[in-house]
Each structure stands twice: as structure tokens, then as C-alpha cells.
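Just one chain is shown here, as C-alpha cells, and it is the form predicted alone.
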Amino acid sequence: MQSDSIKRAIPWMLSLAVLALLPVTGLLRGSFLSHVLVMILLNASMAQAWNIIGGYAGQVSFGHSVFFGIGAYGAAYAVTNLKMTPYPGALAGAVLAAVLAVIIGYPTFKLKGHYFAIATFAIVEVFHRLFMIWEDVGGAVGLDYPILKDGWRNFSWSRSKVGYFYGALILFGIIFSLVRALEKARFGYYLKAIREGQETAESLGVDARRYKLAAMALSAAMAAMCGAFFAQYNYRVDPSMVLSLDMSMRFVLITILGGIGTLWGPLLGAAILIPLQEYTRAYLAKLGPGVDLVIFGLIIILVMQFQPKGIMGMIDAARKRRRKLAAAGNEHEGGRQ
């Protein structure tokens, strides 16, 4: 069993190693390409954080920008107001987001289906308004970073994005590794059972509320860490940047496009959405704002029309067709003999 798990982990470790070697190859010399790769890794991590509660547990939340924003403000407040490095603020933000997720989840998990989703919409609006008038964190203006010395201590680089790339890769590796482990653990199986039928899972002895709250807390903490990275990368934070329904929808749509409830779906979704957004903004800006969102919306409609399980569903369907063709070919060869 242990050797099998090691064998399954080898492709994952090799993939991370290949990504880690990209700066050495010189492919990241262009700042724009570096930016796109950083955003792919960050958005894949964000979507995977949401996937824990939305995909594996089946609780579709549109409120994850709240946890993302708390992480962003935690790191930014530590740097701008407390004159510290961002790490204590990021950690505090992750803990606070997890606690808040439990507080929010306890009453809202009594709701089911679209009622739960609507409640999470309302929570985003409440926190957005709160931070807009909260003067200690800059109100509507937000928090602007001072000039920081480059390096890992301040998690800041001004001349190159290679440091941010490695930071995003570390965050990506941690979150995806945790979800890989969760998939094979009892916790992951319980979440899938709750997704498929909460009443049935509870009849078998699964404490559905307990496991949903645990999933919500873990998902929120991961989203907060992504928010902390986002604040460092952008060198500022304000309510409209991080505490918006647009940001919450990004968590959801990336996962749906790639394949909800799957390990690789968030990465595939981010690998399509982020280059689409960044390159259309760069080369189609003259057509006006929002062109990237129009194109992405059309892609989502087409994918959902032909394959509701997203890109991972397309890949699985192709595998099944190939297996059927191989099996039919073997039967034909056997019949000839």
C-alpha cells in the first residue's frame, strides 16, 4: 500500500519539479508571461480552496471572497499599520477566516440548495459594506504598501516576478497536496457521501454538520492564504478588489469550467481562464472593458451545454471511448482467432 501511494505521488512531485525549473530555463524573462503563470497558480489555488466545500462537500458558496479578503487585509495591515512582515498577518488572517467560516456556517448550513447559496451572497455584501466604512483599514480607499526591500523576508520583489512565481508555486503545492491527501482520507469520503446524499450519509452515522463545518474552515483558511499572496503581489488592497461578488464568482467559475469535485479541475480551469483574461486585456483592450468576461461566459455556456462536468468530464469521456474501442478491438481479434 505504501509503495503504491509513493508511485502515485511520483508524477505529482515531478510536475512540481518541472515547474520549479522554469525560471532556470529562461522562459520567465518576460514579465508578462511571468505574471500570467503567477496568476494561473494563484487562481488554481483559490479555486481548489473553494473546491473543498463546493465540489467535494457539495455546498455551493458564493461567499469565499470574504475569507479571501480577510487574508488580504491581514497581510496588508501587518505591513502598513504594524510595520511587520506579512507572514504573521497572513497567518492571523487564515485563523480568523477559519473561525469566521465556522460562525457563518453553523446557521447557514441549516439551509439547503439555493437558499444556502443566496445566504452566502448576502454575507459578501455585508462584509463589503463593513470594510468600506472601516477607517482603521483604510475604508473605501484601502491600504497602500510602502516601498519594501526586495526579498523573502518582506515577500516583495520589484525587479523580477521570479520570487512571486516561487511563492505561488509553494502555495499551489501545499493546497493541492492537502487536497490530494484529503481525497484518499476518510474525511474526503465523508464529504463525498454528504454531497451525494446528506440524509443517507447521516443514516450511516456521518455527522454531516460537523464535517461540513470542518471543510468550510479548511477551505476558508486556504482562501485567506491566497488573499494574503494577492495583497503582496498587488502591493495594495481595497474592498472592491477582494470583497466583491466578482471575486467570489471567480472561485466558482474556474472550478466549474475545469471540473467541480475533481483534483485537477481547478488547475485546468485556471489554465484556460487566466491566459484568456490577461491576453484579451492586453491585445483586445481597444474593444472596451469586459471582452474577456464575454468570451469566458461563452466558453462556460458551451462547456456546460455539452459536458456539465467540465473539462475533466471531457477527458474522462474520451478515456472511456478509448477503452471501449480497445475492448471492441480485442474482442474482434479474439473472434478471428
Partner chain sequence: MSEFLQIRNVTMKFGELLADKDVSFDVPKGMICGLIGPNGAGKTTLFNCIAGYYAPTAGEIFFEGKRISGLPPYRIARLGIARTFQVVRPLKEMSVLDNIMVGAFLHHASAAEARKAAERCLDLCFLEEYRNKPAGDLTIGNKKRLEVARALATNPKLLLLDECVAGLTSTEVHDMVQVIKRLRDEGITILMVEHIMEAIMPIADKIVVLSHGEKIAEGSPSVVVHDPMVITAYLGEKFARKLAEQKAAAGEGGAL
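Numbering follows the first chain given and starts at 1. Since we're looking at a predicted model, the values are computed, not measured.
Heads up, the form predicted together with its partner chain isn't pictured, but that's what we're talking about next.
S.K.: Identify whether its partner chain in the predicted bound form is within 4.5 Å of every residue in the set 193, 200 and 309, based on non-hydrogen atoms.
M.R.: Yes: 193, 200 and 309 each sit within 4.5 Å of its partner chain in the predicted bound form.
S.K.: Which residue, 178, 82, 249, 185, has a heavy atom that falls within 4.5 Å of its partner chain in the predicted bound form?
M.R.: It is 185.
S.K.: Any idea which of 73-81, 201-209, 162-170, 218-226 reaches within 4.5 Å of its partner chain in the predicted bound form, heavy atoms considered?
M.R.: Only one stretch qualifies here: 201-209.
S.K.: With the partner left out of view, is residue 189 within 4.5 angstroms of its partner chain in the predicted bound form by any non-hydrogen atom?
M.R.: Residue 189: yes, in contact with its partner chain in the predicted bound form.
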